[in-house]
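Alright, two takes on the same chain below, each alone as structure tokens: structure 1 and structure 2.
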Structure 1
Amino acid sequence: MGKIRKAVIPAAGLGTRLLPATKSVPKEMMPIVDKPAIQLIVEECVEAGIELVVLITGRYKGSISDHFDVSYEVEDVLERKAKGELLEKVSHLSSMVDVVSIRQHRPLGLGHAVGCARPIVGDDEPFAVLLPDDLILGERSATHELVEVHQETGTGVLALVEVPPEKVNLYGMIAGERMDNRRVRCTDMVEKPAVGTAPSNMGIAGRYVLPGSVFSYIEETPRGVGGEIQLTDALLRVMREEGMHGKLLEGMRYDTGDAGGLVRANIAYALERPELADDLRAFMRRFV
């Protein structure tokens, strides 16, 4: 199978669950310890061998693209003050991967956002999609896991997590046949089913590897509730016409789109840092 060279990151959402913090700061720029969340997503792309990242952004989100550009003023100050370690952290951002940005002019749904990348990604090669609200912390990146399954099967691949029965109404839920402990041959999908009606306990997390043909399916998808074009409709067509697999992720998923998930992600990522972990554990013992 061909290499996955490109990734799409839909980042045009307003971040209303994190207001008022996101009134003037994009939710993707909210810090996880000392990095904005979007940087962790792009680093995941790099770890998986991605060569080009396509950011789908909206108005007032220029700071996301700026974060991955050269910052002459900051770099000059750090160089003159001989702060080499900090200089490397900043200058590395503009060289670790090629990043381009496309504006989604109207909020017409996730399917529409992914479809905005078509002129750059093209219809002839598979690509990854990473939703920036979802951080997945594990020994290997989630995208790397999906790329491996794609290389084995040649199909699109969905990232899956096991969902408690009372929360299935928050996920797109998959029906499928277990191939082994973590791989699934997907046969159907239900978007946010009522509690007690889900076809399995496997829900879609915010990572995908999709064939280029999905762009045609998105273009043919009519607008649904709220006038939005749902990615789920296009995924169902891929699943039924071309086949699709799922991978139950090895890492832990954190939804940084709400305050509780953002706090949990900060704690989890901080505990992975040896220079922070001991002090943080001692601090938390005072409260728990």
Structure 2
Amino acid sequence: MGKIRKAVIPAAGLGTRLLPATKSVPKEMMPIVDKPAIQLIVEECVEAGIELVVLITGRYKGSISDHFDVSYEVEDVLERKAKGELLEKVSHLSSMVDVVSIRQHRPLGLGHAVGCARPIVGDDEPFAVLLPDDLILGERSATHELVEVHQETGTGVLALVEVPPEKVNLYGMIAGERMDNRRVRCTDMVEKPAVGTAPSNMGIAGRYVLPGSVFSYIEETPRGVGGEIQLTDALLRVMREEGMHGKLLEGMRYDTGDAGGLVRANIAYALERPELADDLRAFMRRFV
């Protein structure tokens, strides 16, 4: 089975749930400890062996592309001040992986955003999609987990999480047959079903490995829930034609697109850092 070489990161959303912080700063640039969330997503791509990252951006998102570019001013200052360790942190970013960006000119939905990557990804190879609101912290990265299942099955693979019944209307929900503890063969999917109507408790988390053929299905997908061109609707067609699998993730998912999730992600990622963890634990004990 071929290697997954390319990843698409849709980053054109407005981030209204995090206003006013996101009035002039893209939500993808919100810090998780000392890295913008989008950097953790790109690092996940690198860890999974991705060679080219395609960012789908919109207006006011220039700082994201800047972040993955060389910053001569910052690097020059750090070099003159002999701050080697910081210099390394700043400069290795631009050499991690090739990052290109494409603008989504109109906010027509997630399916449409992924479709914008077609000229760069092409229809002939599978690729990964990572939604930057979803940070997944585990022993292995979520994309790595999906690539592994793709290599076994040859089909598209969706990251899955168990969703409480009152929250199914926030997710793409699937039906499927468990192959083992964590792997699932998908048999149906629906975007944001009304509470009480979901086909199971398995929801799509923001990681996918998709066949290149998805682009032609996206093109034919009419507007769905919320008046948007939904990725899930195109994936249902891929599933029917070519099959689709899911993997219940081993890692823990944080939705950083909302304030509570952003704070939780910051705590979880800080606790992973030996130089911060002890102090933070002692601090938190005062509140709980």
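Each form is matched to the other, and the largest set of C-alpha atoms that superpose within 1.5 Å is called the rigid core. Numbering runs along the sequence of structure 1, starting at 1. Owing to the predicted nature of the structure, the values given are computational and were not obtained by experimental measurement.
Looking at both structures, it is structure 2 that matches the form predicted together with 1-O-phosphono-alpha-D-glucopyranose. Superposed on the core, the two forms barely differ at residue 82: its CA moves less than 2 Å between structure 1 and structure 2. Core-superposed comparison between structure 1 and structure 2: the C-alpha position of residue 179 differs by less than 2 Å. After superposing the rigid core, the C-alpha of residue 119 moves by less than 2 Å between structure 1 and structure 2.
In the core-superposed comparison between structure 1 and structure 2, the CA atom of residue 196 travels 2.7 Å.
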